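A single chain comes next, written as structure tokens; it is the form predicted alone.
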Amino acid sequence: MNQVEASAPGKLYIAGEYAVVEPGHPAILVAVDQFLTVKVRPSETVGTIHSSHYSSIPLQWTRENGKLIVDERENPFHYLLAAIDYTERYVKECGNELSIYHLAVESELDSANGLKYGLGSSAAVTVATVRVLLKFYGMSESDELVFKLSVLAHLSVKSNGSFGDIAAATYTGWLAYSSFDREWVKAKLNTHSIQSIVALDWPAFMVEKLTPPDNLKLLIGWTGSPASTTDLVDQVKAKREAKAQSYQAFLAESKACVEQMIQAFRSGSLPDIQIAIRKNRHILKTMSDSTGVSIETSTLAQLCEDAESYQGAAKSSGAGGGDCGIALFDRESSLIDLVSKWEAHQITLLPLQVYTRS
């Protein structure tokens, strides 16, 4: 077999952050046209895993009793190795023989000097690895299968997120998404094969492709301050125990707001989408004040204020605490002055477009 490859896009949250970690609470995301690509080619004896973003030296591996064995005790490839593990377990359960190969990762999801934009590289490397290995072994690579195998990989490394980034990297385009019951899935791992788990309907899981209004324009501003989603989600989880009543109010308000926004997408109303964006920003700020977790930094607040002065609706994207903000405008708006204002406030316009896989 010759070399095969698969790519997965980065993602950005539009609305529904934090609440989406709870089963059945929706969010809206987009996939963006920056990609992570994984390439696989056969090897006779020793396999390698290489990514210039992690190390200039390839990680060597061999196979013992059907299991991939890495030479190093510690390595930076946790998500990637978990993706290999669960995909190959699935492949083997389907009756296919495993083989040795060289695997290489190429990423556009970080800046040239290695700073993270917050576009979901962990999800993208997982999704691309699952896709390329299914392709390498000559198997079907339906979106649902790729999503579920990628999620199982992330669960195995104790991910605390909603897996919306995996959904965006898998299904692409504009998406409405709500998380599944992770405890149900984790329980099934103790009693079911990988093949049977991915064939089941997962409680509360929902994904719907959305069509944006023709006049919607999305701008993405980067604050130059990378943030840790894992750490921020952990902080909110720790604080919500003491603020149970306000947290439940936050969940209810977020769900109602995002469902309103989904309906606005279905009806093609940009003004209604913008109203919901502003409402979701307010809901997140209230939750931030309640928990004491900083979501909208001063730079993100400036990004929003600048966008609002040009009739845009803006908010932080994802976990906040830095990274990106998003702003939605009417496509007819002239935004050259806004971009200059962002630059004056050390906010970089990222030249990204929404990506939908054909």
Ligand code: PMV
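Residue numbers here begin at 1 and follow the sequence given. Remember, it's a predicted structure, so these values are computed and weren't measured experimentally.
There is also a form predicted in complex with this ligand; it is not shown, and the following applies to it.
- For the three residues Leu216, Asp306 and Gly312, a heavy atom within 4.5 Å of this ligand turns up in the model of the complex in no case.
- Among the residues Thr172, Asn280, Thr87, Ser162, the one placing a heavy atom within 4.5 Å of this ligand in the model of the complex is Ser162.
- Scanning Ile197, Leu145, Val233, Ile262 against this ligand in the model of the complex with a 4.5 Å heavy atom cut-off leaves one residue, Val233.
- Of the candidate stretches 132 to 140, 201 to 209, 154 to 162, 184 to 192, only 154 to 162 has residues whose heavy atoms lie within 4.5 Å of this ligand in the model of the complex.
- The closest non-hydrogen atom of Leu338 lies beyond 4.5 Å of this ligand in the model of the complex.
- Taking non-hydrogen atoms only, Gly118 approaches this ligand to within 4.5 angstroms in the model of the complex.
- Although the partner is absent here, Ala327 is not a contact residue: none of its heavy atoms lies within 4.5 angstroms of this ligand in the model of the complex.
- Heavy atoms of Gly318 reach within 4.5 Å of this ligand in the model of the complex, making it an interface residue.
- For the stretch 9 to 40, the set of residues having any non-hydrogen atom within 4.5 angstroms of this ligand in the model of the complex comprises Lys11, Tyr13, Glu17, Tyr18, Val20, Val21, in sequence order.
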